[in-house]
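First, one chain by itself in structure tokens, the form predicted alone.
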Amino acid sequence: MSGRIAHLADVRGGYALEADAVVVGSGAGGAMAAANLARAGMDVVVVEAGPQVRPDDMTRDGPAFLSKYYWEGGLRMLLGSGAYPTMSGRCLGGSTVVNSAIFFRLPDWVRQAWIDEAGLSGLAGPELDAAYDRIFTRLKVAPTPMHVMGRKNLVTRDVLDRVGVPNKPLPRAVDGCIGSGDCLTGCRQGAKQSVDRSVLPEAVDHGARVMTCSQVERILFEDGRAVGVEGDVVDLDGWQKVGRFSVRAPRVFLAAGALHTPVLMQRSGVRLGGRVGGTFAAHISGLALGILPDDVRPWEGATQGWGGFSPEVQGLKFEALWGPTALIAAEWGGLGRDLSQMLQDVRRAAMVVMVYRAKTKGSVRATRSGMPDARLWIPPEEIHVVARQVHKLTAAFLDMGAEYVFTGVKGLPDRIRTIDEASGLLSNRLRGRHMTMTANHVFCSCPMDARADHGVVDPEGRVHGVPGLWISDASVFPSPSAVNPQATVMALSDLISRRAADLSLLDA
């Protein structure tokens, strides 16, 4: 039996389907669940809020791409201690289409914390390792090769050497990467192994029906059991609702992400005493952008090909980064003569960023429009950890002969030319509102816990007290992963869906 991918023209006007299982979301978690359920012989329907992105749509015009294929046009913010952008893909394949394909296994110390703190004793066995093995083989994960690094990644290597951070090529899920540096707007060459290319085709081959442009509004229940979903067909040209849909199935898998999954549950009346959406978390970040004496041409080379982990601060990771130049320039800012000078300097720019497993507190609540209102509070001492690392990066750039360094920290010069001008980074007065950061690694809004009165889902991904409802995305993380979360989202979803489908947890 062969399935299909239904596009807007196919679903315009609405539809009503029945299946053995419905999967909400087609990203890292949803794709894995759909593939396993379909391979087990179930009739599977996947509903995805966005459209399929084809190679011709993968323009390097960052603002234009974000406006169509990211949630809220790429302008979604986490509020709380500050206002922090959090970007996620609204398209077939979800954020796997628009991230840098970095794959890390969950660090042993985080894995042990999940076992100890959430009672997830099953993670101590070989099953999770087998899931990672399957995924890394399927997605062809390997260290980024030197010939696609470009100079920006090698500058990061030199900066981290000066900072004293062990560093090396980052492992990425790519096949034939040519270093075009367009990861954040897809991969026009088709090298990135996003799940729309690597996993969903298997689900379709086993009969899954994938319905795009279908935004779920609520979960359907009968006698307390989840029996399906319903929502709107949305034409992204003008954001018009052009039809209603419903999918009835005795198994409902939510994989809409750490922001949308709790919103769907809340709008459907599943709150579990406030635990749904009550424990949201995210990695926080910092950056240093240096303007070097010679050309770097940062748009060339793998987007994030080089990095390393701090030997001093547990859970802090450094990496090279660039994106569409228009987006970088927008954050850098400037008008008139300043803008003109900035545009001339861009070709000499290199940027090193960090992500940090800070001790944050957060929440996600549904707004009247059905969108998530996410809040993140960052303790001052955690901001100080990041700021001190930015200070080290700034010193390293200046030591390498950088003309100036941009950090985005409010109260500091936009162009730091001496290390004395960076002294404000060592101030204990810094707070979250002073930092320029993104928070693209989000999780923990529906945590997994063996105790029904502590978590939202049990160790098998089933929502406590709600038959027929599973969650298989980053919202089930008991705490932040300390590394890029995609591999762990896929591994947990693999285990959750294999158990639900009665497939082996150890075999390929």
Ligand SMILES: Cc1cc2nc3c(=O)[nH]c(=O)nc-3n(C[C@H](O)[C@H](O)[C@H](O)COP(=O)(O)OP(=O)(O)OC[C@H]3O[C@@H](n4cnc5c(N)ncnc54)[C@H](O)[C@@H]3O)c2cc1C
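Numbering starts at 1 and follows the sequence shown. This structure is a prediction, so every number in the text was calculated from the model and none was measured.
Separately, the form predicted together with the ligand exists; it is not shown, and the next lines address it.
Screening 258-266, 393-401, 132-140, 353-361 for residues having heavy atoms within 4.5 Å of the ligand in the predicted complex returns a single hit, 258-266.
Remark: all three candidate residues (27, 47 and 99) come within 4.5 Å of the ligand in the predicted complex, counting heavy atoms only.
For the candidate set 406, 114, 71, 280, a heavy atom within 4.5 Å of the ligand in the predicted complex is found for exactly one residue, namely 71. For the candidate set 95, 81, 389, 156, a heavy atom within 4.5 Å of the ligand in the predicted complex is found for exactly one residue, namely 95. Interface membership of residue 87, defined by any non-hydrogen atom within 4.5 Å of the ligand in the predicted complex, is confirmed.
Taking non-hydrogen atoms only, residue 35 never approaches the ligand to within 4.5 angstroms in the predicted complex. At least one heavy atom of residue 184 is located within 4.5 Å of the ligand in the predicted complex. In the predicted complex, no heavy atom of residue 496 sits within 4.5 Å of the ligand.
Contact residues in stretch 460-489 (any heavy atom within 4.5 Å of the ligand, taken in the predicted complex) are 473, 474, 484, 485, 486, 487, 489.
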